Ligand SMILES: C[S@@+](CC[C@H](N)C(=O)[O-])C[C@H]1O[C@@H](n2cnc3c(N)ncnc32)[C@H](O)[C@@H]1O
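Given as structure tokens, the chain that follows is alone and in the form predicted on its own.
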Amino acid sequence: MDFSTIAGIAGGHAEARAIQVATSLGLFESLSGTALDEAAIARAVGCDRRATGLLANALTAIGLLAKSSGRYTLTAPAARHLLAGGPEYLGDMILFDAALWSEWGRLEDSIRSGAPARTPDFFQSDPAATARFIRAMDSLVRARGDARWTAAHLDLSGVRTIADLGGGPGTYLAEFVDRWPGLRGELWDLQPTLEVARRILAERASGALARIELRPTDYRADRLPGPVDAIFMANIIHSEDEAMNQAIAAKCFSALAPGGLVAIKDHIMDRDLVEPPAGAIFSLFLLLTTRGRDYSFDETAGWLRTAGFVDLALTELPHPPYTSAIVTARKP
């Protein structure tokens, strides 16, 4: 690592904020299918001309815009991932990150105290925050392709019913039932989340929605519904501490039919908790917003074995673009 790398990382907040603000303003949409100069962009987004030009130049330097003869156009990556409504739109995740800017400003406080910078409530206390969070999860998974890859590689042959525990927008379930015609899905999550999920599924996967039951479930407090043939969890264990994850594993064991499958998708860390790097860095976000962190395979496997599961296996998703893995196990 050299000076330029260190300096680039240390100043990375500038690029992040430029993208976040441009997304919030609708700047990328103003350039959809057209080329505009800074004055026209400023009029389209309702901002100061000079300041808009500075932002557009920064986005050009980043590689999201191209500039020729004073006019700006979208680059291919921006057109693919930053236009609202597109199938691989990342903007909802970008806006979610932007909404947590103040929490990142309190990272030092959390490091000193060990306490989150906000109440770890899964963003359920305010409808706007819930919608922003759940749409962000859908946006990230769609843009990167996690759900498509998982549906293509997770063997659900013989599975008739699968539950997505804490499944948020239902993005994974929609892919599962689309790939496996005889499969029925159940989305187990908190009621405010399910209300957002129903809207997202109706918008993007109305056919799949007919084969998905939305069941209000608080896995912290409730006994899980069942029995089902498989339980899938994506990005759940990283939000909880060790004791709760052991309890979740036991609840999943009880909710599965004999021979049932549990699949846990997350950053699955090495024993030193530094690989994959994305998981080690993401654990700082988890410190700010949850009770958890990213866990190793040994830790995850320990909870599953204690609960009674057998036949544990680890499947790493290809990197890039993915940074996660799937732990699977069976109930005898």
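Numbering starts at 1 and runs along the sequence shown. Keep in mind that this is a model prediction, so the values were computed, not measured.
Heads up, the form predicted together with the ligand isn't pictured, but that's what we're talking about next.
*Asks:* With a cut-off of 4.5 Å between heavy atoms, is Q246 one of the residues that contacts the ligand in the model of the complex?
*Replies:* No, no contact at 4.5 Å.
*Asks:* Contact between I236 and the ligand in the model of the complex at 4.5 Å, heavy atoms?
*Replies:* Yes.
*Asks:* Can any non-hydrogen atom of G167 be found within 4.5 angstroms of the ligand in the model of the complex?
*Replies:* G167: yes, in contact with the ligand in the model of the complex.
*Asks:* Answer yes if any heavy atom of D218 is within 4.5 Å of a heavy atom of the ligand in the model of the complex; otherwise answer no.
*Replies:* So D218 counts as contacting the ligand.
*Asks:* Would you mind picking the one in A78, M137, I94, A205 that has a heavy atom within 4.5 Å of the ligand in the model of the complex?
*Replies:* Only one listed residue qualifies here, and that residue is M137.
*Asks:* To verify the annotation, which of these, L209, A255, V196, V141, has a non-hydrogen atom within 4.5 Å of the ligand in the model of the complex?
*Replies:* Selected residue: V141.
*Asks:* 67-75, 118-126, 101-109, 148-156: which one contacts the ligand in the model of the complex at 4.5 Å, heavy atom to heavy atom?
*Replies:* Checking each option against the 4.5 Å cut-off leaves 118-126.
*Asks:* All three of L284, Y295 and Y322 touching the ligand in the model of the complex at 4.5 Å, heavy atom to heavy atom?
*Replies:* Per the other structure, none of L284, Y295 and Y322 touch the ligand.
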